[in-house]
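First, one chain by itself: the form predicted alone, in structure tokens.
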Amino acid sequence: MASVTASSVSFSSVASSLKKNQVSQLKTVSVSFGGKSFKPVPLRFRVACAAKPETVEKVCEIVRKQLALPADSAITGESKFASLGADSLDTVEIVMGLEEEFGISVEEESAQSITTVQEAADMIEKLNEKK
């Protein structure tokens, strides 16, 4: 995680000059403050497409049902299964519920990597795109 403290910070957008579906070849970024330059560093971006809100909500409902949580329990996309009290068996049951509800088939490897409601919703969207 990076932190910047300065009296003025300015960023120019590379994206504004890109055409739709065009990928930038920008690989590093250089920063300078008050005439002092810092070594260029490689950029690390994670491109993720968030699932539709209705998909996230449906996943929240399924998680709530599988874990027998009260209807008023706060579950969001950021909610981690483990923090909601799910063990590995509960997670398997959640994935099975998602498969049944959305008519998808989740590979075991993918199922084991899902830890949050948002990850589950994103996986569902991705699998539905492949249909």
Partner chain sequence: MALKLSLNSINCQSQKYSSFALPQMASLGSPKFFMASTLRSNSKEVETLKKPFSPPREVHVQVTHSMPPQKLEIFKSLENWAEQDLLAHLKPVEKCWQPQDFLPDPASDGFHDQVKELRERAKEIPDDYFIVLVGDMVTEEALPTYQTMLNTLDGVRDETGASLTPWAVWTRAWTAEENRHGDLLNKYLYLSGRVDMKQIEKTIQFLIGSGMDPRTENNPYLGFIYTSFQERATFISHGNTARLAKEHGDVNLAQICGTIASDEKRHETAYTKIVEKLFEIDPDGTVLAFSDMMRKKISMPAHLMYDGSDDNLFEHFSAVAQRLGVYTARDYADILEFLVGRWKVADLIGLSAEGLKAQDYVCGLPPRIRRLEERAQGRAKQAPIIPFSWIFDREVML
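Positions refer to the first chain, counted from 1. Just so it is clear, the model here is predicted, and its values are computed rather than measured.
Although not depicted, the form predicted together with its partner chain is the subject of the following passage.
Asks: Is Val95 close to its partner chain in the predicted bound form, meaning a heavy atom pair under 4.5 Å apart or at it?
Replies: Answer yes; at least one heavy atom of Val95 falls within 4.5 Å of its partner chain in the predicted bound form.
Asks: Report whether the minimum heavy atom distance between Glu61 and its partner chain in the predicted bound form is within 4.5 Å.
Replies: No, Glu61 is distant from the partner.
Asks: Even though the partner isn't displayed, in the predicted bound form is Leu89 close enough to its partner chain, meaning a heavy atom within 4.5 Å?
Replies: Because a heavy atom of Leu89 falls inside 4.5 Å of its partner chain in the predicted bound form, the answer is yes.
Asks: Please run the contact check for Ala82 against its partner chain in the predicted bound form: heavy atoms, 4.5 angstroms, yes or no?
Replies: Yes, Ala82 sits close enough to its partner chain in the predicted bound form that at least one of its heavy atoms falls within 4.5 Å.
Asks: Go through 55-69 residue by residue and record those having a heavy atom within 4.5 Å of its partner chain in the predicted bound form; state none if no residue qualifies.
Replies: Sequence-ordered list has one entry, Gln66.
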